[in-house]
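For reference, the chain that follows is the form predicted alone, supplied as structure tokens.
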Amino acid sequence: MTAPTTADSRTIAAVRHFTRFFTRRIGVLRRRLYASPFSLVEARVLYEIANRPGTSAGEVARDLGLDPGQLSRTLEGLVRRGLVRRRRAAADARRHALTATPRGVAAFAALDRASREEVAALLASLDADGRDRLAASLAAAERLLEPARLSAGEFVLRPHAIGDMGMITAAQARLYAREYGWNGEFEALVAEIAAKFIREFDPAREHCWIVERRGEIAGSIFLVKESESVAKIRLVYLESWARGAGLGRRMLDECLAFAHDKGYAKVVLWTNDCLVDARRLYERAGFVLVRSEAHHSFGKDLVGQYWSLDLAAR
């Protein structure tokens, strides 16, 4: 294993610092949880069984990352106290199905209520914005530390709100700098488009969709009025971690449906040929390439492309 870099060392120190802080705040080091007769491990095992009746010991051990021996001892204690029942599964005699007894359900309910009250007290000093920021930060931390394939159902598309334009500008600037090496000129362009959208926003003919997962912004798409009959798509982006779940098509479909409902005859957009995935998305939706032109922008030699879609032909 190679020695950690300075950046790695800073990150390691930050994670360790937060772990010490958070375990103290939520009382993980206490012998018993929430002044109950349960340890943290016992409470977590009871939580899994109460919420997933019929689960197996193997599944609980895997999901909690527990040593099978430790789990076995914990289960023995919960069974002995009349909180958990073990029965051989009908479909597989080698597998024991675990369920919470009525006494176990009541014990879990008390633990769950105490947990909610403790977290509520922890959040009491935060205003609505602080709570939203905390939830989004926790979702981002979980996603970064345990990446998994996401489904479109985990995301919502919502209208823009106060503060979104600044976040979209920053996110797009970072994304295109990281993936294509574009410089600050692009950030300035995004900021100008976003500012113009806010200043001249016509809610009857224009819309912005923010893609969000558990409070964390993952992308955007804008539809603005070019003329009475023509709408223009702008500021389309999707974070790399949110790709592969069909969100690009979902965003575009919502946008085109809105344009159709508002009576536009045509939708146009401008992009660059290096944005291959986006171009494929537009082609599949029926957009036609009108023209291309070379240009030097954002610190790169690029080929800009103008696309158009006749809504009446869809």
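Here the structure is a predicted model, which means the values were calculated and not measured. All residue numbers refer to positions in the sequence shown, first residue = 1. Rigid core (definition): largest C-alpha set, two forms, superposition within 1.5 Å.
One more form of this protein exists, namely the form predicted in complex with a further copy of the same chain; it is left out here, but the text below deals with it.
J.: Within 4.5 Å, heavy atoms only, which of 165, 71, 224, 157 is in contact with a further copy of the same chain in the predicted complex?
T.: Flagged contact: 165.
J.: Given that a further copy of the same chain is left out here, which of 195, 79, 106, 152 has a heavy atom within 4.5 Å of it in the predicted complex?
T.: Looking at 195, 79, 106, 152 one by one, just 195 meets the 4.5 Å heavy-atom criterion.
J.: Out of 122 to 130, 98 to 106, 224 to 232, 201 to 209, where are the residues with a heavy atom within 4.5 Å of a further copy of the same chain in the predicted complex?
T.: Of the stretches listed, the one contacting the partner is 122 to 130.
J.: Taking a further copy of the same chain as it sits in the predicted complex, is residue 64 in contact with it (heavy atom to heavy atom, 4.5 Å or less)?
T.: Residue 64 belongs to the contact set for a further copy of the same chain.
J.: Report yes if any heavy atom of residue 85 sits within 4.5 Å of a heavy atom of a further copy of the same chain in the predicted complex; otherwise report no.
T.: Flag for residue 85 set to no.
J.: Could you confirm whether residue 310 comes within 4.5 Å of a further copy of the same chain in the predicted complex, counting heavy atoms only?
T.: No, residue 310 is distant from the partner.
J.: So, in the predicted complex, is residue 184 in contact with a further copy of the same chain at a 4.5 angstroms heavy atom limit?
T.: The answer is yes: residue 184 has a heavy atom within 4.5 Å of a further copy of the same chain.
J.: For the three residues 25, 47 and 144, which mark the spot I'm curious about, does each lie within 4.5 Å of a further copy of the same chain in the predicted complex through at least one heavy atom?
T.: Yes, because 25, 47 and 144 each have a heavy atom that approaches a further copy of the same chain to within 4.5 Å in the predicted complex.
J.: Check each residue of 268 to 306 against a further copy of the same chain in the predicted complex and list those with a heavy atom within 4.5 Å, in sequence order.
T.: Stretch hits: zero.
J.: If I superpose the two forms on their rigid core, does the C-alpha of residue 255 end up displaced by 2 Å or more between the shown form and the other one?
T.: Residue 255: C-alpha displaced by less than 2 Å between the shown form and the other one.
J.: Given a superposition on the rigid core, I'd like a yes or no on whether residue 286 shifts its C-alpha by 2 Å or more between the shown form and the other one.
T.: No, shifts by less than 2 Å.
J.: Answer yes if the CA of residue 62 moves 2 Å or more between the shown form and the other one after aligning the rigid core, and no otherwise.
T.: Superposed on the core, residue 62 moves its C-alpha less than 2 Å between the shown form and the other one.
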